[in-house]
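Next up: just one chain, as structure tokens, the form predicted alone.
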Amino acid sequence: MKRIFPASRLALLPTLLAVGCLSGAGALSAATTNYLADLDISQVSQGWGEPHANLSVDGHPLSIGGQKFAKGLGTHAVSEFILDLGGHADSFSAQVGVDDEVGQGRGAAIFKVLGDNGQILWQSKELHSGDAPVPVNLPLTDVKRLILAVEVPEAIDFAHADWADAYVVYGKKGRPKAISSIHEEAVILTPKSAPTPRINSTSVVGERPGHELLYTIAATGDRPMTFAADNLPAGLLLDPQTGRITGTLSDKGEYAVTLHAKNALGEAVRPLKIVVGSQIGLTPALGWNSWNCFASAVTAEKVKAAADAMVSSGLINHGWTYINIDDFWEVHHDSKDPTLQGPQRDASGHIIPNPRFPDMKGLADYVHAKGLRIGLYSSPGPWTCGGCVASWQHEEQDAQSYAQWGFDYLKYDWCSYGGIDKGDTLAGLQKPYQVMRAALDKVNRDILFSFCQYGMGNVWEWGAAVGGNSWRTTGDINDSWGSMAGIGFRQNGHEKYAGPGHFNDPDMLVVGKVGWGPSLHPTHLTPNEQYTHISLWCLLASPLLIGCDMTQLDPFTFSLLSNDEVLEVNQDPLGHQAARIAVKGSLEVWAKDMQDGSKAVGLFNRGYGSATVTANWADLGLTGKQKVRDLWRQQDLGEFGDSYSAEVPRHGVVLIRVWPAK
């Protein structure tokens, strides 16, 4: 029988063992103390930064409530450290709190210790910097898996969470093993596309008068396939073999078109509304961006390969459209890499790409020839985030260059503009985006305008008024549960600012092979976390920008990106963003109104074990029986009277669509 020590005794156990003060059973003489800091802390998943042994997340000596600690683990919420104990550990002890480095009263964190099946063994109150360290002393009899988690009540800002003097004691020789995550099989839920035609492209598109339109009818089904369009207005042409609609319309108005896709097995029909006016980007952008896989290693050849893969994989047939170059297509200000060197601008002030991108117009033409659109990146400051030439005092010339090259999308990243304006006034935050908006308005091309300034000044409240088609609401994402969940579930309340032509952007997708440079790795998100990621971003009506290397798409990743019923939630022309309509502990229900009167509903489990999540019709504003369909499995589930409940796995989701029953 294992001996359980009282909390006061447990706290002294390492010292008592060291000086030989314990006597009795022989097994105690072999007891071992295993500090978290001595384990493989690379397995920590956290929402920002890197974990540190014996230091805070910012690299300072651990300090909680004015008390210094030599040993411990410095993390950042939302974080998780999973230990395989083998069922033989005796106890866990720690002193926890928010590190003093963030300043008195800042940050907010809740520490949790969980056992098998996500059972909460201990939980702190909400802690802030300056609060005294809170002791944790827990027996671990027969616990096989220990999860040390840090959550936040709202935002993760300044949640520098310390597990000070943290250790696991074994009554006899033993050592916990840090593991990256609980193993899950990558189960493909998306059914394979039928051989009969199905049109998947967005049902509404915006164009400014006199500007060039490129719209590809995205359709799955066996090839060969031919395309047709009824009531296509004069000025537009349809290629019946490729399904590409091109041309220009001069007169403002709405044009109702009927699309057809036909193969040997049947025909699909779908309406398309072409809106000619002041708004473009009427549904969120669907595409790819180079940053999360290649970062500073991007080249024109890799961009072409991404476009090739978008077509050869079949993603183009599911509505994916944009191929976007992020930073490092420009000349770097001081790099020794010859592929980043060269003249920055010509004699007239027009920007010159670096040697990796010798022909920007040719690159745009290459992408357009595949029925896709292309985007690029700059900053309102003198330099981009990576230190390349940006648009400061050359906004009109750069906009002219982008249009002449044939680009369709601009991501505009605050970065070095902070050296020009501190961004401490609303007028200062808005000005650089107003300047570039005016420059884009002068060119004869529709260029989608994406603000990237990390949510400063509550950009969602004014982004549309300043002319943005989307705006980042958050800092950069990474491929961890802490980052993805911490960002995605914080979007509640922003829904009233989203609509056709202007959308909140919680950053790019982190499924597939990512790496932010030449070396790539499979995403650290578990399969269920990836389902949560795609489901939540679709409900949020967020731009969906694939961040992985599309030349290395595996079947599971492809299935995440090719479920047409899930993508319809994102591309719904009503343009609504989901709101959180119910929360019970770690269980949440989010719902989004759809144009046809149905609701898309996500049942999410942010907890550490499987749980039943319920969507009550009353919470959704519904009465009477409702028909429920599982969108990932594309299966009708039946009719339900007052609610729908589902068993949802750890960090998982069940995504449904609900209609009144007939």
Ligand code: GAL
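A residue's number is simply how far along the shown sequence it sits, counting from 1. Since the model is a prediction, treat every value here as computed from it, not as a measurement.
The same protein also has a form predicted in complex with the ligand, omitted here; what follows describes it.
Specify the contacting stretch among 154 to 162, 407 to 415, 70 to 78, 586 to 594, defined as having any heavy atom within 4.5 Å of the ligand in the predicted bound form.
Heavy-atom contact with the partner occurs in 407 to 415.
Given the ligand in the predicted bound form, answer whether the residues D327, G386 and Y454 all have a heavy atom inside 4.5 Å of it.
Verified in the predicted bound form; spot residues all in contact, yes.
Can you pick out, from E184, D84, D222, D476, the residue that has a heavy atom within 4.5 Å of the ligand in the predicted bound form?
It is D476.
I need to confirm a contact call. Of F503, W537, Y377, W288, which residue comes within 4.5 Å of the ligand in the predicted bound form, counting heavy atoms only?
For this set of options, the contacting one is Y377.
Though only this chain appears here, would L553 touch the ligand in the predicted bound form if you measure heavy atom gaps against 4.5 Å?
Output for L553 is no: heavy atoms all beyond 4.5 Å of the ligand.
Consider I447 of the chain shown here, and say whether it contacts the ligand in the predicted bound form, taking contact as heavy atoms within 4.5 Å.
No, I447 is distant from the partner.
State yes or no: in the predicted bound form, is some non-hydrogen atom of L238 no more than 4.5 angstroms from a non-hydrogen atom of the ligand?
Taking the distances in the predicted bound form, the answer for L238 is no, it never comes within 4.5 Å of the ligand.
Is I351 close enough to touch the ligand in the predicted bound form, meaning at least one heavy atom pair within 4.5 Å?
Answer no; every heavy atom of I351 is more than 4.5 Å from the ligand in the predicted bound form.
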